[in-house]
Every structure is written in structure tokens, then in C-alpha cells.
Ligand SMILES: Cc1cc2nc3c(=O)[nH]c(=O)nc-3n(C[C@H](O)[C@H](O)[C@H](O)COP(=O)(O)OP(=O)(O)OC[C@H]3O[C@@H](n4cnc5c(N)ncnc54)[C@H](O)[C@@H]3O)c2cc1C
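Only one chain is given next, in C-alpha cells, and it is the form predicted alone.
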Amino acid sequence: MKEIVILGAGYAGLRTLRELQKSKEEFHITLVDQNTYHFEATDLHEVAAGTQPKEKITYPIKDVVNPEKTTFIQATVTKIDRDSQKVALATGQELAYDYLVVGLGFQSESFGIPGVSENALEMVDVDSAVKVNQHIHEMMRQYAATKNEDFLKIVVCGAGFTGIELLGSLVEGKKEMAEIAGVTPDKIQIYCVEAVTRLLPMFDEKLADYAIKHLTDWGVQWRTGKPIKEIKPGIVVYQDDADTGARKELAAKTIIWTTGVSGSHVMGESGFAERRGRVMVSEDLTDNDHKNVYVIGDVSAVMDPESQRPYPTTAQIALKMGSMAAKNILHQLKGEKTETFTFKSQGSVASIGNSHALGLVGKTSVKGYPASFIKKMIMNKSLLETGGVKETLAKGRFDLYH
């Protein structure tokens, strides 16, 4: 019996699993993930800000595993040997495969800036998002004890998609933070430091300005056009003047790093031809040198023929990749030709708080409450495609009117 190994139970991996499990073909699947649960990575900012509990964005992997066809192993992947067709796990176990699907996800990217890993909080999984929230609450308690206003300051490093969504959730979380600190919400100071001046470039300026104006009106203080040069303990050092190179320091006891991510370090350590943990794959999503290895999700790079740049890594493209990987493995099992992966974005919507959002649906701009409604429907669709009806009913976003 053929053995299919899927590494990672994120959007791409679980989508592959669900499609393969529908097949009547004879094969066995082994699914590997370091957690016992799947988490909705697009909602991590809400957990970090404390506007949603971690339970809302997670569900057990076993809920989507068909034990008659699939074995789930909780373990960390350490290396992939494509020539011997084996995967090494941190437990010492080795898995042999006939077909491999690599969906190992992302990790935080420091871009070589000193002090990031030591002095800033990352937000790459449920545990790190929970730690951000716990840290914020502890800083609020420290303020109550010391009256040092640096404990009330939060700096978000980076104003990309994730950073903007986090800022919106942090604004909504200010009431709870203020109660812990014993102050009014307006005393909580939220900053954003970003290297570029044109924020949210994936949207037109009118839409981007809508988000920035709302966040500004809600008290977010911007340091745009200010590249971060170093993170010291409790201090963000940024370039204040491009001509002179003059630097300034912003003190805050909470510093959250959202400037970018890269694919899993396992890709480089396993000898894949990668850049920042992403592998430029063949048109059918296979590794260029090993046609039984599919590379999907955050560790995969697929060229957009229009922009001549790789598509951004999103849940939307990861789900499509998962479906195509499953379809092509089934083709290969039957001795059939694989299909070419094509992608057309259905649009993108960014939330700024629970009831405000902005984005594109197809080519139509949406903002405000209607965009928030659409965002929650997109989140529910993602849940349906990875977890099915049960998880959608249990974890779906049906708070549509507030």
C-alpha cells in the first residue's frame, strides 16, 4: 500500500488531508504536526490582544482525521531526506513515504536586525500569541505598582497586513488593559513603527487611508518612514532621518514584532533550493527535482504571471494548494498526468477591530461594517474547508452584528 506523509496541519496540510480522505483509492496517510490542534493563523492577532480566547481559533486535529485511512503523529519535523524518501522527527522516529506533502508553515523573520529575538515578542502560533497577551497584562499590573508610564506603552513593529489587524484588536483590548492598570483606556499608548510611508500597498490609497484614519482616530501613534535599526530591552531604535542617518529611541515595555515571516527553517536544513524558507515549485506544486514531493503553503513560492513576483502567502492560496496537491497525488497514483496549479485571488479583507474592516472582494472595494461581515464569512469558509461543518458550527464567527 502506498504511503502518503503530510507534514503540517495548517491550512494547506489539512486541506490536502480532507481531499485525500475522500478518495476510494487504496493508500495510507500519516499526518505530522507539532501540536495536537489546528489553529486559524489569520486570527492570532485577536488572541494576542485578548479580544478572543485561544479556544475560539483552535480545534483538535483528531476531529478531522479518519482513523481508518490516516495516522496522526504529534512530533516536530527535523529533516527531510528526499533521496531516501524519509522524514526525521525530533523523537528519533523516521517515516518512509511514497508521496510527501510539505506544509510546515512559517516562522518570524528578523531580517538581521539586532535584538529582535531577545527583546521583542513574536506572534507566529497560539503559544506565542497567548504569551503576548499575558505579557501585556503583566505590564499593566506593573504600571499599577510603579506608575511608570512605559508599562502602558505598546509598540507594534511593522504595519503590514498582520500589524494593522493587530493594532485594531489592541485598540479594542484597551478597556480590559486599562482596568488591570487602574487607568482610563485613553492612557494606554499604542504605537506603530514602519519603514515605509505607503501602508497597505495591496489596497488602493483610498482604502488604505480609511484604515489609517480610523486607527489614528482611535489613538494609534505612527512612526512611518522610520526603519527599525535595533531592539533594545524596552526600547525600539529607529532611523529618524534618512539623509543624516540620525536615530531615535521609543521606550515601551511591550514590543511586538510583525514585520515579516519566512518559511520553516527545515526547508534550508533539508537541502531544498529555498529563499527565506520558500521553495519555487514546479507548475504542479512539486519540488523541481523530486516529483513525489509537494511543497505547499508558507514554504512554497508560486510565481504570479502578472506581477512576476511570487504570490503572497495567504490562507486563501494555501487552501487552493492543498486541494491541488491532493488532486495531483491521486493522478499520480492512477498513472495520470498532473495538473497545473493556477490561482486567481478572490480578494482580501483586513479587519481593524471586530466590526470594522476594509478590502477587495474580486475587484470591488469594501469597507466598514459590510467588509467586517465579509471578513467573518471568509473566516467561516476557511474553517469549513479545513475542519468541516462540525468545527464551523463550533468555532465559526457568527457575531456578525457587533
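Every value quoted in this text rests on a predicted model; they were computed, and no experiment measured them. Position 1 is the first residue in the sequence shown; the rest follow in order.
The protein also exists as the form predicted in complex with this ligand; that form is not presented, and the subsequent description refers to it.
Checking 199, 195, 116, 75 for any heavy atom within 4.5 Å of this ligand in the predicted bound form turns up a single hit: 75. The single contact residue among 292, 270, 314, 189, judged by any heavy atom lying within 4.5 Å of this ligand in the predicted bound form, is 314. By the 4.5 Å heavy atom rule, the three marked residues 8, 34 and 318 all count as contacting this ligand in the predicted bound form. With this ligand left out of view, the stretch that reaches within 4.5 Å of it through heavy atoms in the predicted bound form is, among 170-178, 295-303, 249-257, 220-228, 295-303. Although the partner is absent here, residue 274 lies well away from this ligand in the predicted bound form, with no heavy atom inside 4.5 Å. Interface residue remark: residue 104 is counted as part of the site for this ligand in the predicted bound form, having a heavy atom within 4.5 Å.
By the criterion of a heavy atom within 4.5 Å, residue 356 is excluded from the residues contacting this ligand in the predicted bound form. With a 4.5 Å cutoff on heavy atoms, residue 39 counts as touching this ligand in the predicted bound form.
Heavy atoms closer than or equal to 4.5 Å to this ligand in the predicted bound form belong, across 162-176, to the residues 162, 165, ordered by sequence position.
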